[in-house]
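Next up is one chain by itself, shown in structure tokens, the form predicted alone.
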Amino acid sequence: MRAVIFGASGLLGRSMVRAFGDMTVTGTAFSRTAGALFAVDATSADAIARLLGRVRPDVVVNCVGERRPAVWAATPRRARAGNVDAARLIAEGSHRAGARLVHISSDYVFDGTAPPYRPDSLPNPLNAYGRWKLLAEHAVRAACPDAAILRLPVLYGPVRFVAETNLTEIARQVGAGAPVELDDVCVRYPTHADEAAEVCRWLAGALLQGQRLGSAAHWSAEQGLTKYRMALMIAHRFHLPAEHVRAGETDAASGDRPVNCRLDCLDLPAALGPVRRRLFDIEFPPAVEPWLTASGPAAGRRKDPS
């Protein structure tokens, strides 16, 4: 069995490569092509077709996307292309190649006013990222009707740079000791990238066996936390002062951040069987410890264990 992981250089993509390790995996990246990754522009239909024609995968996973607000603001056209155009082209290419497709979407397609959200709940995104993710879902369904769309919340895990996750950015702020205000209104459900990837692998297996799971599927950790609460947990775990961290409403006040996008995930365990849950209290310390100082990970420390 062969799998192609588009966006394999990112946090989730790296976890996907490990989760699909029972297959022959081809991972792609655009700019960060270290190791065995293939350089593929996911906004180029020709580049996608060449790769899929050469590999002839049984399953394709699309992890391509830009989640960082700073990039949306600085290069909105490029961010939209990465989130929407790439999704459509990968779906079209997968359909032509006869491969099963799992497309990764986001809880930000919802407005956060009426959680928990079931897969058939009405989307109503509040910001550009959520709108792009919803447009991508529409494009994927049109191009590849039998694709599985997996909506995920904010992720964490072993990162390569501090801005790769919200959690490591918060850890850096806790460790820096400078006054900072963190939102204590918007609730997030930080989910380990390895757990999300394992669920994706099970979804792919169901697709390969001809199982249909509806137009969208949800997966999320069960513990809800604000950025401020995450900061306090980090400070407590590593015996750091937290007086410089203030509770605020910075994200909620902007009006473009959902207050609570809790996902109803009951359908997946019912279809796939028991799923291993990773507890945030246990998993977050190794993910953030290297980033508690301004210098970042110690020289020679591996940041992305294989």
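One rule holds for the numbers: they count along the sequence shown, beginning at 1. These numbers come from a predicted model, not from an experiment.
This protein has a second form, the form predicted together with a small molecule, left out of what is shown; the following refers to that one.
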* Asked: Does the small molecule come within 4.5 Å of any heavy atom of Glu164 in the predicted bound form?
  -> yes
* Heavy atom to heavy atom, is Val154 within 4.5 Å of the small molecule in the predicted bound form? -> yes
* **4.5 angstroms heavy atom contact with the small molecule in the predicted bound form for Tyr129** => yes
* Consider Leu12 of the chain shown here, and say whether it contacts the small molecule in the predicted bound form, taking contact as heavy atoms within 4.5 Å. => yes
* Asked: Just one of Val64, Val60, Val245, Cys261 has a heavy atom within 4.5 Å of the small molecule in the predicted bound form. Which one?
  -> Val64
* To do: Can you work out whether the small molecule is within 4.5 angstroms of a heavy atom in all three of Ala29, Thr43 and Ile104 in the predicted bound form?
  => yes
* To do: Pick the stretch from 154-162, 223-231, 198-206, 111-119 whose residues have a heavy atom within 4.5 Å of the small molecule in the predicted bound form.
  => 154-162
